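Read the single chain below, which is given as structure tokens and is the form predicted alone.
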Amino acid sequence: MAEHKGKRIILAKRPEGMPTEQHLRLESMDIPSPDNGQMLLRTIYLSLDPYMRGRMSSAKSYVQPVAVGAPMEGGTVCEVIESRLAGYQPGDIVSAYTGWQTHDLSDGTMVRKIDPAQAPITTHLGVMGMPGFTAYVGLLELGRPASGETVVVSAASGAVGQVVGQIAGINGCRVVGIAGTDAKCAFIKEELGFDAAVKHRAEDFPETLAKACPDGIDVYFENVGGRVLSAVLPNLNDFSRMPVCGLIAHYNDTALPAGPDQLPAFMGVVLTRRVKVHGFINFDYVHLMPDFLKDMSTWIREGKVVYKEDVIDGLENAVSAFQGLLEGRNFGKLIIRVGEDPTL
């Protein structure tokens, strides 16, 4: 092979607070050769997602954390470079889960072939991938939106939020997006077709949100937590639904938030308004993946779903890009271009 050295970013130390290069270390690596039943994958694109912050922690969660010294986990789009695995040939483009590194071996587990003629291959890390699927199952299976209802989604310009809002619109709902900047609010209204957009960094955010939801909130798709959730609570309708996808406002917390304790007020709203709060992980609904791929590809082809991607060049920039994700600096689905894209 022409290449003998690759790169990877390992979890060198578990972070407390914001992860830095001290915790996520870039290092060189030997490019391995596949044995029988394996193939060598070259990473083209790496997905950066909020859930990765939890993987860096040793706290009990729904999966095992990344081991100290191991490459960070993450979804990728790759090219098959060498194959000794039936069904895969050099040049095939696949979605995989090879993590923050330029190369990896695979036995085909969690690998799916991609047809580059159907859509740009980056979409399989966003609207056609895990974030899109998360939006699909969270909203339709747990939110159960009905035509005419009001659906509110936080982090509305992000990879999951932008898809949630558009699916809600397809289902005839009034859609209100919450985002952090004027540019993001303009995007979700003008390009994604949301009915209203509210900036959560504005001083009058709670009042503006209430005005955008004159009939209350029937479905709140939770991605953020914090003061965003506090502003949503008074507007929840009886029998409203709250799919809980993420809590990005708290991922770098090193202690409980300062008082007063908001839990009694939250539980009071859940009780008196009979709110259904349901945390979920997308892989619990993997049986719906064929339906998702069929529906989403149709919506994209018909122009009913559009998407925005934020692509940053270079694996060496992944740590700073991930910090920006946790601080809301990205605009759209955050992707690292790790290597050359042969489909362009």
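Quick note: we count residues from 1 along the sequence shown, nothing fancier. Note that the coordinates shown come from a computational prediction; the quantities given were computed from them, not determined experimentally.
Quick note: we don't show the form predicted together with a further copy of the same chain, though the next part is all about it.
Contact with a further copy of the same chain in the predicted complex, judged as any non-hydrogen atom within 4.5 angstroms, is confined among 192-200, 148-156, 240-248, 179-187 to 240-248. Exactly one listed residue, out of 293, 277, 300, 31, brings a non-hydrogen atom to within 4.5 Å of a further copy of the same chain in the predicted complex: 277. This chain is displayed alone, yet in the predicted complex one of 88, 266, 205, 97 has a heavy atom within 4.5 Å of a further copy of the same chain; that residue is 266. At the 4.5 Å threshold, heavy atoms of residue 35 stay clear of a further copy of the same chain in the predicted complex, well away from it. Shown alone here, residue 27 lies farther than 4.5 Å from a further copy of the same chain in the predicted complex, counting heavy atoms only. Interface residue remark: residue 284 is counted as part of the site for a further copy of the same chain in the predicted complex, having a heavy atom within 4.5 Å. Residue 218 falls outside the set of residues with a heavy atom inside 4.5 Å of a further copy of the same chain in the predicted complex. Contact annotation for the candidate site: 257, 261 and 273 all lie close to a further copy of the same chain in the predicted complex (heavy atom within 4.5 Å). The single residue of 209-227 lying near a further copy of the same chain in the predicted complex is 222, the criterion being any heavy atom within 4.5 Å.
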